[in-house]
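There is one chain below, alone, in structure tokens, taken in the form predicted alone.
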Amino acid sequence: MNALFQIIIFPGFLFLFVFGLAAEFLDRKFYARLQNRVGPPWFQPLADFIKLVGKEEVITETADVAVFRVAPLFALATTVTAIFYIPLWHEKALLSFEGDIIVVLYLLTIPSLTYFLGGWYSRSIFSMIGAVRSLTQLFAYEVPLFLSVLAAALLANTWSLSKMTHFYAVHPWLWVCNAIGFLVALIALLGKLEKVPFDIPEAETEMVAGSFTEYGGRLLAFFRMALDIEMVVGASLLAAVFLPWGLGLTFLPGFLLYLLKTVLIIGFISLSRAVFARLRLDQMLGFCWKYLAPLAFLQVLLNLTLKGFLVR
């Protein structure tokens, strides 16, 4: 019963559902205030979800029905699963083993692949172009994100997120050494979430809704919920790896500190949406490979050098 509660209620699906809706509201509200607009009311994300769930589900004749229906469910399932391996308010995650950091990064890659499959098998011209853009971006931001996260793991000498957070809790000053990786991971997270300036696959002025053009009803609601939860899980991962403060506290203060760290990361996402303009796809690829990837590799080299001195 305890395992069932953790999977369904907390910190599983229901918690992520509520926090995902709250994160969407904070993102939209802060973004609106930065543009001198009022923004949506607090219940708007929930109202949008209920409206979509209640709408008729329409699938085009040319679409592959099986892939079209399954893709949103896979996106939602993988994002929820990833949270069980990430330390939130305690040094130890709900599930932990040596190598779980690889599992988390793998699980967070699957949603991007479902966006591609869902758009490609919609057989709509806008969906297919948006799908190709999603897959092209994947090969640009994933490498810097992986390198920046794994650089912190190299310094901690472990492939377990729980052991990594314990290492940085014991050596709190070392988190400063990962500052470059943290900045790279923040920018790469924007690409993973397809947020401005990397919202190229969903550029509404060009692509209508990109991969999701032919989606509606509850399938679109599942995709949107997967994006909201992915934002929460991505922020949780960065908070655990690069901001491991207070993970040794008791539940309530530790949980409140976890919320504060994730909200700050979500605030950075909203700020970037207001400050930057959308890049072209070639500009995005060039930026990731010319700047983000070398900076992430520099972080790896710095951590390997520092690790050599720590071992001595």
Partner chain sequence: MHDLRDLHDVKVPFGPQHPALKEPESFLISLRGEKITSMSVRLGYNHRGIEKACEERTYVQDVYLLERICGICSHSHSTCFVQAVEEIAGLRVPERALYIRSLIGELERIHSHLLWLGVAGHEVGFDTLLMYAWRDREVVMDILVKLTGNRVNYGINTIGGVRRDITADQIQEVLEAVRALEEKTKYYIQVATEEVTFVKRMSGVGVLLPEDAVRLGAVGPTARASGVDRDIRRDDPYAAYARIPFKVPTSTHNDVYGRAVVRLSELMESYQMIRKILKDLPEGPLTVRAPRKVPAGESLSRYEAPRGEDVHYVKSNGTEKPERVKVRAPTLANIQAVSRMLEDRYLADLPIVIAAIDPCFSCTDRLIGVKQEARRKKDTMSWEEVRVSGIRWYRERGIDFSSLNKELERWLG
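Residue numbers count along the first chain shown, from 1. All figures in this text were calculated on a predicted structure; none of them were measured in a lab.
The protein also exists as the form predicted in complex with the partner chain; that form is not presented, and the subsequent description refers to it.
In short, of 124 to 132, 69 to 77, 86 to 94, 238 to 246 it is 124 to 132 that has heavy atoms within 4.5 Å of the partner chain in the model of the complex. When contacts are defined as a non-hydrogen atom within 4.5 Å, all of Y31, E206 and L281 contact the partner chain in the model of the complex. Shown without its partner, this chain lists F276, F268, W42, F255 as candidates; in the model of the complex, only F276 has a non-hydrogen atom within 4.5 angstroms of the partner chain. Mapping the unseen interface onto this chain, K51 falls outside it, with no heavy atom inside 4.5 Å of the partner chain in the model of the complex. Taking non-hydrogen atoms only, A140 never approaches the partner chain to within 4.5 angstroms in the model of the complex. Although the partner is absent here, N36 is a contact residue: one of its heavy atoms lies within 4.5 angstroms of the partner chain in the model of the complex. Heavy atoms of V196 reach within 4.5 Å of the partner chain in the model of the complex, making it an interface residue. With contact defined as any non-hydrogen atom lying within 4.5 angstroms of the partner chain in the model of the complex, the stretch 150 to 164 contains no contacting residue.
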